[in-house]
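This document opens with one chain alone, in structure tokens, the form predicted alone.
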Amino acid sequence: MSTNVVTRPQRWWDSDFVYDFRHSPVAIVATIVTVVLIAVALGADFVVPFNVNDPASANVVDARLPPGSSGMFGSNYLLGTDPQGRDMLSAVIFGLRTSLMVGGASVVLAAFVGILLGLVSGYIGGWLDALIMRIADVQLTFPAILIALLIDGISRTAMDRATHEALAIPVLVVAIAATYWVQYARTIRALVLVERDKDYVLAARVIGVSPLRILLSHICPNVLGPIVVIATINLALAILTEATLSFLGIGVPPTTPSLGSLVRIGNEFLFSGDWWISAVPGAMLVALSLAVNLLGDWLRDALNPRLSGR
């Protein structure tokens, strides 16, 4: 007599989540594009033809060459060169890594602060809950870019120029994270308000489990589902915010390529006919943001039974 044993990989493959993914061409394409771009960014040191972080790679003789050109010394530039004679393909890949690094770190920091404040606000309640939520309400009245500009301005005033340039990326991460923690805090707080009165939490209180352990071991695992969706969508927003700040000249240091700073440099030569200097990093920024946004939209629908129709 044979028995049908369903293995864990098979159960995972037959789950509703994977089924929805396999039948969603948009989600598949968005995932492939996102994974490829992240892999290229992480392996930038190994895939780029030129190390644009090395000043020796710049050759002003080959400056502003159009895509497909060959340099004076035989170097081939698939996507052309920038005004410093740097290879645009290499600069865009290094810029992609910088933008992803800043965006990812900002999302992690914003999620950590937002989850912590949301757990405390929802579980403890009282005046502390009111204080945190009023701060969140005030935060929502200001545009994200304005808060980032304010933090960057304060850091420039408090530090000398050399120190600020050395800490420019950490300051930028904090500035972007300060604009997005509210979404995590409000979402977690609403979920904790529902979970804290359920039987398993009340039973843990009766047997004397500490509030910290209840939050970390009982409530937190049951409220983190929506955070994945918020983090995915916020990653695209954080990358766009970094690009906006770098385009304005207050983001990453001038010596560090990012997608926003590359677009800003190209914008100065756009009317001279050198369209590729801004168009190439701009196209990369659009592709990355669109892929992450589409992936986040699909995750929101797939993880919400009411939206997915199940």
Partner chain sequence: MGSFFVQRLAQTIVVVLAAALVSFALFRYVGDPVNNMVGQAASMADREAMRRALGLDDPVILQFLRFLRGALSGDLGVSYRFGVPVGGLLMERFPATLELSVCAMLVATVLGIPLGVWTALHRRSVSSHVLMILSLIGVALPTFLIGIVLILVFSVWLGWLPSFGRGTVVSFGSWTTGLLTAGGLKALVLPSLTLGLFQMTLILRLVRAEMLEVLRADYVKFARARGLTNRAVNYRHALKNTLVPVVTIIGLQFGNVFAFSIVVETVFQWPGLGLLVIQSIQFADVPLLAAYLVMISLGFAALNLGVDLLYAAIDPRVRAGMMSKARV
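None of these values were measured; they are calculated from a predicted model. Residue numbers count along the first chain shown, from 1.
Another form, the form predicted in complex with its partner chain, is not on view; read the next lines as being about it.
Is every one of S121, P211 and N222 in contact with its partner chain in the predicted bound form, taking contact as a heavy atom within 4.5 Å? Negative, none of the three is within 4.5 Å.
Interface membership of G249, its partner chain in the predicted bound form, 4.5 Å heavy atom rule: It does: once its partner chain is placed as it appears in the predicted bound form, G249 has a heavy atom within 4.5 Å of it.
Does any part of T34 reach within 4.5 Å of its partner chain in the predicted bound form? Heavy atoms only, please. Because no heavy atom of T34 falls inside 4.5 Å of its partner chain in the predicted bound form, the answer is no.
Would T256 sit within 4.5 Å of its partner chain in the predicted bound form, counting heavy atoms only? Contact check for T256: no, nothing within 4.5 Å of its partner chain in the predicted bound form.
Hey, in the predicted bound form, is T163 touching its partner chain, heavy atoms inside 4.5 Å? Output for T163 is no: heavy atoms all beyond 4.5 Å of its partner chain.
Within 4.5 Å, heavy atoms only, which of A158, V194, L216, L202 is in contact with its partner chain in the predicted bound form? Filtering the options by heavy-atom distance leaves A158.
Here the chain is shown alone; which of L150, L167, L116, A190 has a heavy atom within 4.5 Å of its partner chain in the predicted bound form? Among L150, L167, L116, A190, a heavy atom within 4.5 Å of its partner chain in the predicted bound form occurs only for L150.
Segment that reaches its partner chain in the predicted bound form - one of 202 to 210, 99 to 107, 150 to 158, 171 to 179, heavy atoms within 4.5 Å: The contacting stretch is 150 to 158.
Could you pull out the residues of 198 to 213 that have any heavy atom within 4.5 Å of its partner chain in the predicted bound form? None of them.
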